[in-house]
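Just the one chain here, the form predicted alone, laid out as structure tokens.
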């Protein structure tokens, strides 16, 4: 898995990545009450807003961690946004993206680097 400074994780599956938020991010948000998912087939650039998460504390945007095309979304989060708190780095993934070039992931943090980033 790879990690971003925005507390997103990416898991590689073939020429695609699965994207979600880290346990740290889920804890900071508090109880998630709403998730707005991106459109399938949307082409996004790194830094584009692709999802909105609302919790009892705040609303937060999920940004595209890399350039790519959204190929699938996790509809389970629409019905059960609390899943983000229950299993942020497992069943509560947000979307899958097809990448043209997987080498862009080399610029992201490893798990150990992310832990160091958190302090």
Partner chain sequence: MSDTLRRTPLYDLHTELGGKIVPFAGYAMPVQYPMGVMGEHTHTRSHAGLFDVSHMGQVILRGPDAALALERLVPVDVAGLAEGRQRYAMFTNDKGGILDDLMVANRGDHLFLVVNAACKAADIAHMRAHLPELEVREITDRALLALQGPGAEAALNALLPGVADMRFMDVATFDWQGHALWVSRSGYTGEDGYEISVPDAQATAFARALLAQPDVAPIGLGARDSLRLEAGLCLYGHDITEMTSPVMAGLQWAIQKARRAGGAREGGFPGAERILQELADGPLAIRVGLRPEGRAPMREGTVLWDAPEGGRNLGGVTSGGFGPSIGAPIAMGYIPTTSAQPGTRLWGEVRGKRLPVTVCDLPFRPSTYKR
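Keep in mind the model is a prediction, meaning the values are calculated, not measured. Numbering follows the first chain given and starts at 1.
We do not show the form predicted in complex with the partner chain, though everything after this point is about it.
Novice: Would you classify residue 71 as touching the partner chain in the predicted complex, given a 4.5 Å non-hydrogen atom cut-off?
Specialist: Contact check for residue 71: no, nothing within 4.5 Å of the partner chain in the predicted complex.
Novice: Does the 4.5 Å heavy atom contact test between residue 36 and the partner chain in the predicted complex come out positive?
Specialist: Contact with the partner chain, yes.
Novice: Counting only non-hydrogen atoms and a 4.5 angstroms cut-off, does residue 52 reach the partner chain in the predicted complex?
Specialist: Yes, residue 52 lies within 4.5 Å of the partner chain in the predicted complex.
Novice: Should residue 28 be classed as touching the partner chain in the predicted complex when contacts are defined as heavy atoms within 4.5 Å?
Specialist: Yes, residue 28 sits close enough to the partner chain in the predicted complex that at least one of its heavy atoms falls within 4.5 Å.
Novice: Taking 59, 78 and 81 together, does each of them reach the partner chain in the predicted complex with some heavy atom inside 4.5 Å?
Specialist: Every listed residue reaches the partner chain in the predicted complex, so yes.
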